[in-house]
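Presented below, as structure tokens, is a lone chain in the form predicted alone.
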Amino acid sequence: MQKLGDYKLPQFFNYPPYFTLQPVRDTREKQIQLWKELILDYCRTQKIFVIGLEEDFPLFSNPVIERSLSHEAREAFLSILVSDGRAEWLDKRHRKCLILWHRIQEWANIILNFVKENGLEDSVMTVEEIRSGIESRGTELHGIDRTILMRALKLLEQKGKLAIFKGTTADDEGVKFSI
């Protein structure tokens, strides 16, 4: 079993045809499904939130079998994640992709559980404390991408679960929970 750091790669990763977009529809659909699952799982376990299409992303090449995904294949796999609501292009030219291994609603639920588990129902925290504070260590929220966190917080604000208030800088933006 091949590994990438401490991550165990699936069997198909050593199968050269999976690094080329398959022309037969059924085969391509299977290929796309496998790549979608691999990208989401790898990003979740490695806490990767953004993939640059033109950057060296470890999954896009396998030196053992001397294969790399073409630009077209990379964009195809990420575009499928976008159409499934599991990713979003961060720019018009499709160079950077925000990976949503949890959808925004799921992140919002994780925030609510975090608040309840830590007894923070009527407290105030900064956005940075949620991302990197002592309370969030060891949780999925620790190190969360700021864009994803702010979207989940805004969703919770719309539902009346919290209020976001601006600080003098982005670092001291606050959140008052009212759960």
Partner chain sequence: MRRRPGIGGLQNAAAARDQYRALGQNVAQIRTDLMKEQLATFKSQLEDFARKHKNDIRKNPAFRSQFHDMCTKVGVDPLASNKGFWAELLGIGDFYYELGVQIVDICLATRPHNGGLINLQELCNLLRRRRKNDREAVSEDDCLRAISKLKVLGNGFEVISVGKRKLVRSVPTELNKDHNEILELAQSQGFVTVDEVERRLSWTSGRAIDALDTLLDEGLAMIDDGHKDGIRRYWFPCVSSISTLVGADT
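Just so it is clear, the structure is predicted and the values come from calculations on it, not from any experiment. Numbering follows the first chain given and starts at 1.
Below, we turn to the form predicted together with its partner chain, even though it does not appear here.
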Find out whether any non-hydrogen atom of Thr27 is located within 4.5 angstroms of its partner chain in the predicted complex, and reply yes or no.
yes
Is there a non-hydrogen atom of Gln11 within 4.5 angstroms of a non-hydrogen atom of its partner chain in the predicted complex?
yes
Examine Gly160 and determine whether its closest non-hydrogen atom to its partner chain in the predicted complex is within 4.5 angstroms.
no
Under a 4.5 Å heavy atom criterion, is Glu66 part of the interface with its partner chain in the predicted complex?
yes
Counting only heavy atoms and a 4.5 Å cutoff, which of 28-36, 138-146, 113-121, 48-56 contacts its partner chain in the predicted complex?
28-36
So which residues in 16-47, when you check its partner chain in the predicted complex, have a heavy atom no farther than 4.5 Å from it?
Pro16, Pro17, Tyr18, Thr20, Leu21, Gln22, Pro23, Val24, Thr27, Lys30, Leu34
